[in-house]
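Let's start with one chain on its own, the form predicted on its own, as structure tokens.
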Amino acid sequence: MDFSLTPEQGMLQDSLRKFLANEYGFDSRRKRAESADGFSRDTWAQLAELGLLGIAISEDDGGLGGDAFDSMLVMESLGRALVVEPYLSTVVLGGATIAAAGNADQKAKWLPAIVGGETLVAFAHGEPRSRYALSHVECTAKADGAGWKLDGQKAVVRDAATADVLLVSARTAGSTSDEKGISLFLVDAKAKGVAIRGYATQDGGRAGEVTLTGVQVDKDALLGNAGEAYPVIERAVDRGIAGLCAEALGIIDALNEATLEYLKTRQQFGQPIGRFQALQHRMVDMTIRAVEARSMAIVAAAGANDSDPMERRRKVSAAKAHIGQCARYVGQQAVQLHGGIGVTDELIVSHWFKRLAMINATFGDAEHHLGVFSDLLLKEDA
């Protein structure tokens, strides 16, 4: 298989990296993370002008009609620069899910606004007791007149406080852990009965606890068919995992480059510490992990589009598990090789490592996905 970039993909990657190098330095990123919104709306508008907010959306719906590898290149570059803008929430999880499951009216209403940067979306699915179980939904939606009434709680919803619309999963039938009976709703974040407690996360991002108390939505808020949203949610999460794998790859490469440069310049005993063979061996191991991570990120990008749910989950879980292990190794080694400054807030190395730790915990850590992959292998052999 040929993994080389097409000329168009090469241009996309080069232009985005140049843009981020010029506009998104470490100090600039810190100011964005510490602002009231936790990101820059000006930068978000610039990403929209570059067409990046519509890269995963078809041309018929106002996007660029890019494929999974185009999205991978974007997420890789955003990871390298530690971008805090809500790309994963709004574009990868929100826009792509509406494009996949929405009707013509919903696509016409929401997708152009997402592509243009006017509307931000948060994927409100996880709950306080759900952990990594996608079918665990306690939030309820009951038919109420011509619409629905929602009640329940959503936990650690990425970018919830700044979202204009929440993509909320709720149970319309069945018991708490049933795959059938789950529905998706588009809920105005400022609707009566919606309460959001936002907070900063360890990686410089933002998340929020969402409480829904008798929230009234009309019938047009239902995304897809009632009670049949589990496959849509599963696919959205797999798409999100593929995006996170690419983001982690960008960070791993950046950590390796920064560490190699440090080994070349840090002097000890009258010579660069990179001349010591033990440290060279560590650097080689980190490079090998980066190569492995790139291979698995490609597997995840290809797998996220697989129409077979079992095959898709097998590839995505394999990638999430292995990249999680690679990220932990590279992050730990980078911090150690930088010595005492490796954990300081003033050095970007510690921020790359924190983001890798958060990526590992999102949508299931390495151990969880290793278990999922093993279970799928046993099913194949049964």
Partner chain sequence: MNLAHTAEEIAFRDDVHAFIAKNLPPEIAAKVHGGKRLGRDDYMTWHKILARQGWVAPGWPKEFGGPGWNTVQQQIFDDECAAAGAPRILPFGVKMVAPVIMRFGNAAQKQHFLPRILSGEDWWCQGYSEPGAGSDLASLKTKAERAGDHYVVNGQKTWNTLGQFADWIFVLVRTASAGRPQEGISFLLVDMKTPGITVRPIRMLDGEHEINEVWFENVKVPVANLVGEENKGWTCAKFLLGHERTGIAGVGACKRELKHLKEIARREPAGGGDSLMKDVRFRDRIAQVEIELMALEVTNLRVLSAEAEGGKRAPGPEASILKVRGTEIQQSLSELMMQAVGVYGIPYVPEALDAEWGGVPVGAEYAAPLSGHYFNMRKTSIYGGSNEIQKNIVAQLSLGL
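Numbering follows the first chain given and starts at 1. Everything numeric here is computed off the predicted structure, so don't read it as measured data.
Quick note: we don't show the form predicted together with its partner chain, though the next part is all about it.
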Does the trio Arg197, Thr344 and Leu347 actually contact its partner chain in the model of the complex, every residue with a heavy atom within 4.5 Å? no
Within 4.5 Å, heavy atoms only, which of His281, Lys219, Arg131, Lys142 is in contact with its partner chain in the model of the complex? His281
State the residue from Ala191, Ala173, Ile288, Met310 whose non-hydrogen atoms include one within 4.5 Å of its partner chain in the model of the complex. Ile288
Does Glu292 reach its partner chain in the model of the complex if we count a contact as any heavy atom within 4.5 Å? yes
Any non-hydrogen atom of Ala318 within 4.5 angstroms of its partner chain in the model of the complex: yes
Residue contact check: Phe69 to its partner chain in the model of the complex, 4.5 Å heavy atom: yes
Proximity of Gly274 to its partner chain in the model of the complex, heavy atoms at 4.5 Å: yes
Tell me which stretch of 259-267, 206-214, 173-181, 91-99 has a heavy atom within 4.5 angstroms of its partner chain in the model of the complex. 259-267
Residues of stretch 297-324 in contact with its partner chain in the model of the complex (4.5 Å, non-hydrogen atom): Ile298, Val299, Ala302, Arg314, Lys315, Ala318, Ala321, His322
